[in-house]
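Shown next as structure tokens: one chain only, the form predicted on its own.
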Amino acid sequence: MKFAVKAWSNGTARAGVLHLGNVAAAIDTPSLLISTRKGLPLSIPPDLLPSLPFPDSRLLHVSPIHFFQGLSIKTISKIGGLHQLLGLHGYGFAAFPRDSIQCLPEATSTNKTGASFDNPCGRLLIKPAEYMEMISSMKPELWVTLADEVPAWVSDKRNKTSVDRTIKWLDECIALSPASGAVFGAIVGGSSLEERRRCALEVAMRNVSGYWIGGFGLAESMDVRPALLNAVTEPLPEEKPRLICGLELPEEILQGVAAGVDLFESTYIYHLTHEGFALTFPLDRTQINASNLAPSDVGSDPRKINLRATVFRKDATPIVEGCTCYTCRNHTRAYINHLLNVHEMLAQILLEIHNTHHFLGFFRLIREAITADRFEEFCKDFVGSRYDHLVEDGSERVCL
């Protein structure tokens, strides 16, 4: 793995390029990791994966915990790892346990021997040695050391313990690390600025290829998040990439970019698709005509539409005019509305393709803004477009 920063904006926001051995072209950052279940997106079949933008869509997140109940470690290793198992030879895999939907850290059950996770099969306690056996068998392009993530409300003592355990497991994972795959050191610390900074400084002293920032999206407020992010990123060397888990909404992604984060694992697309929503905010000056949408159809966020709504029953237009995704090139809002209301699984397939394509376009806009040194202006414009209608109604505007 190779990484280089190419441009800066607003002091800390940065654009770079990431080279992974299994991906033919460099991946521009900031970038999105596509969420998967056992290595494949939840709804997009493998034959439609190439329809997503290249190479932006070629970095996939996989949780080793998904494979603890199923194929054995020896079987995955015998097959040749994830690429051979799934037949995805031009993609890069980033492996870490948490996926923010099915594998959530359970701080109350974590102990000194391993990290605990809630998942559909129950609660699992994962020890560093077991975790590294799975990493060795999966052969991902990059992987994250085991971490003790805690929510925002835990005590100072528990925060300190989580950092101590994470550093201890970091050293154990590095000692057991396979010959291939870039190591990303895990950084935690909950809602404590001091512990976040201490963990970052400790991890920065280790021989790792990058950094994984954990413990976010666990009940901390957006108001305190920038200070926590800066406490982590400021001590880290600039030449190594930073990956974060737990930031979902576009506003939260912008907070991470502003702090100097390069890679994002987000389940925003999953939640949108599951609820029948489609992203519609403008990309590349595309104008989205929402004048024919009733307020209840647009909802509280004018950047997405609820395709279950009856107003779309006879709408013969694509989700977004001018969108080049497979869904918008071949299908209409009326058809997807029908699929959703008769509970056809094709609805989720088409929606996830569009939402993934559109969200990747959002990251492209971020990169362009950083390269043009206008990231701060971009943030104000983007967040403003989300809340201007609330201001008109007399509501308080939320700022990044």
Partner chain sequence: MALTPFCSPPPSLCSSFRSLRRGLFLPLLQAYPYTTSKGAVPMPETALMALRFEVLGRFNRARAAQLTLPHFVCQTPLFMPVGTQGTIKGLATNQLEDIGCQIILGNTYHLALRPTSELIDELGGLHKFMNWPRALLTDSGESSGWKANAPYTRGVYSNPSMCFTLAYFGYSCYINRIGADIIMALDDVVKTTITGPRIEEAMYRTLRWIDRCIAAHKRPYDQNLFGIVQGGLDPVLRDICVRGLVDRNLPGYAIGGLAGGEDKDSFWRVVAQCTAALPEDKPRYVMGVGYPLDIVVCSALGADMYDCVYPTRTARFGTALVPEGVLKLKNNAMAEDTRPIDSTCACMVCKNYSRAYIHSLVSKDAMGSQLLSYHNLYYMMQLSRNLHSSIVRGKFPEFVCNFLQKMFPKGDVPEWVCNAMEVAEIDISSCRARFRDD
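Positions refer to the first chain, counted from 1. Computed from a prediction, not measured in an experiment: that's the story for all the values here.
What comes next is about the form predicted together with the partner chain, which does not appear here.
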Heavy atom within 4.5 Å of the partner chain in the model of the complex - residue from L201, I101, L71, L176: L71
Candidate from A372, L48, A26, L365 lying within 4.5 Å of the partner chain in the model of the complex - any heavy atom: L48
Exercise: P41 in contact with the partner chain in the model of the complex, heavy atom 4.5 Å: yes
Non-hydrogen atom contact F359 with the partner chain in the model of the complex at 4.5 angstroms: no
Heavy atom of A316 within 4.5 Å of the partner chain in the model of the complex: yes
In the model of the complex, V183 touching the partner chain (heavy atom, 4.5 Å): no
The partner chain in the model of the complex: contacted by all of A129, S136 and V383, heavy atom 4.5 Å: no
Heavy atom contact within 4.5 Å of the partner chain in the model of the complex, the stretch among 252-260, 149-157, 77-85, 236-244: 77-85
Heavy atom within 4.5 Å of the partner chain in the model of the complex - qualifying residues of 332-351: A334, Y335, H338, L339, N341, V342, E344, M345, L346, I349
